[in-house]
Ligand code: HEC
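Taking the form predicted on its own, here's one chain by itself in structure tokens.
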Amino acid sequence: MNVLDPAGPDAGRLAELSWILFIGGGAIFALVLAITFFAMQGSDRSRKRLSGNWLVWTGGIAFPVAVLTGLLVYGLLLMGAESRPAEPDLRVHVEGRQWWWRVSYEEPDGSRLESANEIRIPLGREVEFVLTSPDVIHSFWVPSLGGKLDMIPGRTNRLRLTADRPGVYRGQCAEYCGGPHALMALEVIAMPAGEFDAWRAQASSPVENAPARGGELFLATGCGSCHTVRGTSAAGTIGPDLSRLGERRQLAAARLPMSAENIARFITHGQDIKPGNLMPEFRFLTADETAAIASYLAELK
């Protein structure tokens, strides 16, 4: 999460503006320290000159007005330097929820490919993120790819970003949204366009795992009333889509590395791992039953 290590043109412009602010702010701070030193330790002549009204007019009014106006004009020109096409190459809908991210890729036929807490994007293609929230104000921010934008209930905001370097970039909700706000992270995986297209085509197909004991327990315990697993009767929309949970790198909005063991931990001790999350703990399950469900979910790829 480094705004000074840009992986796309939008983040590059922000990094350039940040360096100008850091260097300029440092120079002005050094100038103020020098004036303060001469005002305290200089000769009587220099201290008398510094006590005149000219310093207030120039250093306190004229200089800030000139510098801030210049920065404003430069910032507006810099951030609006690149023209945007009328339509993006890819549109991804991201819904901020307490306290996770619902992700859906808009397909050419108008349908949606659902996921959660992880976003895959193709290199070199402009991606439009359609940002919404059904509960409170959240803020979508992936520092290495661009600036942040709030997700406000009742409004739809749009943010366009492009990645020009492959990698995994961590994002974070940047607006306090209550409870485990600090644990509401996400990952954006930038991958070559060909690999992205192949992944997207595969991810659109229903899950083909046989409903082994873990799958049967998943449905029998009512997990499908909150979660969706495509290709099964589980079609809940309250919680994250778990159709290909096992192929994600992280679990619980980037709280834990993905593994069957961590899935089992979250099923039974979710409040310890992410206090305040809305999923109840299923401690009535035996250890073998929990392990079976976790193994089933970890194999959904």
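Note that residue numbering follows the sequence shown and begins at 1. Remember, predicted model here, so these are calculated numbers, not experimental data.
Missing here is the form predicted together with the named molecule; even so, the following discussion is about that form.
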| property | result |
| --- | --- |
| Non-hydrogen atom contact Q250 with the named molecule in the model of the complex at 4.5 angstroms | yes |
| Exercise: M279 in contact with the named molecule in the model of the complex, heavy atom 4.5 Å | yes |
| Contact label in the model of the complex: R120 to the named molecule, heavy atom within 4.5 Å | no |
| Close approach of V188 to the named molecule in the model of the complex, 4.5 Å, heavy atom | no |
| Every residue of G222, C226 and P240 near the named molecule in the model of the complex, heavy atom within 4.5 Å | yes |
| Residue stretch of 241 to 249, 48 to 56, 66 to 74, 27 to 35 approaching the named molecule in the model of the complex, non-hydrogen atom distance within 4.5 Å | 241 to 249 |
